[in-house]
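Just the one chain here, the form predicted on its own, laid out as C-alpha cells.
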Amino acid sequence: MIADDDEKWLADDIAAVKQNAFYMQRAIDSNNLKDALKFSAQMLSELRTSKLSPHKYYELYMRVFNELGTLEIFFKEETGRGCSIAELYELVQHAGNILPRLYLLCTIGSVYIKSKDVTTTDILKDLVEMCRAVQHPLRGLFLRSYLAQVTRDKLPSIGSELAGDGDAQMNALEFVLQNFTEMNKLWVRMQHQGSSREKEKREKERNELRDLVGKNLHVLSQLEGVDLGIYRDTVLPRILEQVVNCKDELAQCYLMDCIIQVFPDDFHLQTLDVLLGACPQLQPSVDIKTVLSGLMERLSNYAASSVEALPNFLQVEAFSKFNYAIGKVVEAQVDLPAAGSVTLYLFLLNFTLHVYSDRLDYVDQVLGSCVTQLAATGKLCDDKAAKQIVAFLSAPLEKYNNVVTILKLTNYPRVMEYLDHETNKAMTIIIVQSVLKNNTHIATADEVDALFELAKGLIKDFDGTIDNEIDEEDFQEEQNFVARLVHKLYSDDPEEMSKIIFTVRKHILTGGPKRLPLTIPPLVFSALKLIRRLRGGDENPFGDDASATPKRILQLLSETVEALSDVSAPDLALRLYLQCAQAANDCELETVTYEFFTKAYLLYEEEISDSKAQVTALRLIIGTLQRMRIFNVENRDILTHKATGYSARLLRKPDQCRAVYECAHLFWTDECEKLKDGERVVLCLKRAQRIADTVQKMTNASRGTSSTGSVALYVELLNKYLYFLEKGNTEVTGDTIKSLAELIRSETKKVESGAESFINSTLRYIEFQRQQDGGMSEKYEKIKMEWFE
C-alpha cells in the first residue's frame, strides 16, 4: 500500500514538474525572464515534498536537474543580451520559498562565477552559507549535492579552465570541505527520521544515497594545489574529524573506504599514522577488517607497481604502523570474535608478504602477534576462525613455496597449536603437499625435526585421541603422505642423512599401532638406501663416534622393525627383517645378517599361524637365504636346515612339496663353487617327489582316480630337474628324469588332466634343447623317453 502511494505521489509531482517546465521553456523561448523565474520556482517547489522515499525523491530530483540545465543556459544568454548578472543574482532571491530560492541561487551562482565579474571565493562562500537554511535531511542533502554538481567545473581543479592563485585554491578547498561536512551531517541525521521500527529500511535508503556525500571527496582529490602537505595538514584531519565525530557505523565505514580509494597511494603512505590512528576511534560495529584490508591491498598494489616506492615503505615504517594499529583495534573492540582478529592479522600478513617478502622477521612478528591474540581464546572451536587460521598459515607457504623457509618462522608451529585435531591434520596435509609438489629439498636433521613437529597431527594421535572413527580410506591416504614425505628426505652427507633417519625414527615410533605398519616401511627402505651408499667403504669412515655406519644403522633398523611385532604386523616385520638381512649380507656383516634371519625365523614360528601366510613367508625366507654369500658353512647349514624343516611341516601336502623342491636352490649357487652341492639338491627333489606321491595316493583314495593337482606337481618337479641339469649338476641323471617323465605319462593316461598344456610346453622345451648345437644338446641327449622315440 505504501509503495503504491509512493508511486502515485511521484507521478503527481512529475506531472507538476513537466507542466511548470513547459511554461518555463515557453517563457525562455519568448525571452520572458519574469515568467521564466516564476515557473522555474513553481517547478522547484515540487522538491519541497516530504512524502516521497529517498529513492523516489531522487527520480524527481533528476527530472528537475535536467530542466535546470536549460535555465542555466538561459541565464548565460541573458547576460549576453546586456542583463546584469549581479541583478539576476539579486532577483532570484525574491522567490517565495527558501528551497526554490536556493536552487535558483546555485544556478545563477554558477553563471556568476564563470563570468568572472566577481571573485569565485565570494560566491562560493555565499552559497555554501545560505544552504544552511535548509535543514531537512533529505531536501538539504540533494540541495547541497546540486551545489556541488554545478560548481564542480568552476573550481580550480586539475584540468579546470578556472585555475587560480594560492588563496583561491585554499578557498575552493574550504568550500568543498564545508559542503562535505554539512552533507555528511544531513546524511547521518536521516537515520533519526521516522519510527524505530523502520530503522532497517532507513539504513537501506541511506546506503543508496551515500555516493552524494562521497562525490565531495572525489572533488577534493582533483583540486589543484592539494599536495601532500595540504592533504596531511588540512584535508585528512578535517575529513577524519568528521568521520570520527559522526559516530555512525554506515558513514564511518563508507567514508573510510572513500578516503582510501580516491586519494593517491603516496598520500596514504606518508600519512599512514594519521589514517590508522582513526581506526580504533571508529564505532565497534564498523567492519574495520574491510577498511584495513582495502588500505593494505591498495598499498600492496602500489609497491608491486613501482619499485621506486619500496624505499618509502621502509622509511615510513609501514609495517610497524599497521601492526600497532591492528593491535589497538583488537584491544579497543573487546567483543571482536576470534575469526575477526585472525582475519585482521591475515590481511597484515598478506601485506607483509607482498611488500616485505624478504623480511622473515616481519612475517614471524605477525605470526607472534596472532599467537598473543589467540592465547586468550585457547583451542579454536569456531569453524570460521579455524578456516581463517588455515588461510593465515597457508599464505607464507604459497608465497615462498618452500617449507624450509617456513621452518625458520618460530611462531608458525605456535599458531598451529590452536587448531583442533581435524583442522590441524588438514593444515599438515597442506604443508606436506607443498613439500611434494615443489620438490623441496630438506637436507638437515634439524629441519626434519622441525618439519615433523609441524606434521605431528598426521604422525601421532593428537592430545590422547585415537583415530578409531576415521574413514579407513582417508587414514590410508594421510599415512601415504607421511610415507612419501619420508622418501623426500635426503642429504648428500651420509652422516647427516644418518641423523635424519634417527630423527624420523624418533617421530615415527610415537605413531601408535595403527600407523606404524604404514610409516615404518618407508623409514626402513630410506635407511637401506643409505646403507647401500656406504657399502664398499671403510668400516667407519667418520670416526668411532659416527652414526653413519652400516652396522649401527642396521642395529637401529632391527630395533625399529621389532616395534611391528608388538603391533600385530608379523608378516610385514618378517619381510623387513629379510630386506635388512640382504643389506647386511651386501655389507659383509655376517653376525648382523644371521641375527636378522634369527628374528625372521622366530616370527615365523611364533607369530605366523595362517597356512597361506606361512607359505608366502617361507618362500620369502628361502628366496632371501639363497642369495646370501656371507655365511660360513656352520651358519648356512643351520639356517638351511631350519628352512627345509619348515617346508616339511606346512599344513597342505602340495605346499610341502613345492617348498621342499624350492629348498633345493639353497644347495646350489651359480656364483660360488663352494655352495654347489648336487647330492643334496637331488635329495631335496626326491623328497619332494615322495610328497607328491603321497598327494597322488591321498587323491586316489578320496576320488578313486588321479588328479590334476598331483600331475602338476610332477611336471613342476620335472622342470626343476631340467633346471639343475642345465646348471651342470652331475647328480641329475637322464634315468631319473626319464622315470619321472614316464610316471607323468602314465598318470595322464588315467585321467584328462588340466596340466596337459604344461606338459606339452615342457616336452617342446626338451625337444628344442636336444636339437641345439653345443654342450646343452649333449646334456639333453642323456634323456631317453618314449615320447621322443
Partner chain sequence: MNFLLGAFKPACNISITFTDGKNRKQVPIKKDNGQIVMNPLFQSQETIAGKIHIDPYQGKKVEHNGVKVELLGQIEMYFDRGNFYDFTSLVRELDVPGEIYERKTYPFEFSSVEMPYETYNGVNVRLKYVLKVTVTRGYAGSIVEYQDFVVRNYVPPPPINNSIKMEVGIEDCLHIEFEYNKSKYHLKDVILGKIYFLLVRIKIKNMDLEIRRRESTGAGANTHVETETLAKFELMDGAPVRGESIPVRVFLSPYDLTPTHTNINNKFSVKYYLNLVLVDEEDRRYFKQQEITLYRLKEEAS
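Between two forms, the rigid core is the largest collection of C-alphas that superpose within 1.5 Å. Residue numbers count along the first chain shown, from 1. All values reported here derive from a predicted model rather than from experimental measurement.
Beyond the structure shown, there is the form predicted together with the partner chain, which is absent from this document and is the topic of what follows.
With the partner removed from view, the residue among 132, 76, 421, 387 that has a non-hydrogen atom within 4.5 Å of the partner chain in the predicted bound form turns out to be 132.
Distance criterion of 4.5 Å from any heavy atom to the partner chain in the predicted bound form singles out 136 from the list 408, 487, 627, 136.
The partner chain is not shown here, but in the predicted bound form it comes within 4.5 Å of a heavy atom of residue 95. Contact check for residue 48: a heavy atom falls within 4.5 Å of the partner chain in the predicted bound form. The closest non-hydrogen atom of residue 529 lies beyond 4.5 Å of the partner chain in the predicted bound form. The closest heavy atom approach of residue 287 to the partner chain in the predicted bound form falls outside 4.5 Å. Note on the interface: of 503-511, 279-287, 687-695, 97-105, the segment with non-hydrogen atoms within 4.5 angstroms of the partner chain in the predicted bound form is 97-105. Taking the rigid core as fixed, one finds a CA shift for residue 398 smaller than 2 Å between this form and the one not shown.
After superposing the rigid core, the Cα of residue 302 is displaced by less than 2 Å between this form and the one not shown.
Core-superposed comparison between this form and the one not shown: CA of residue 443 displaced by less than 2 Å.
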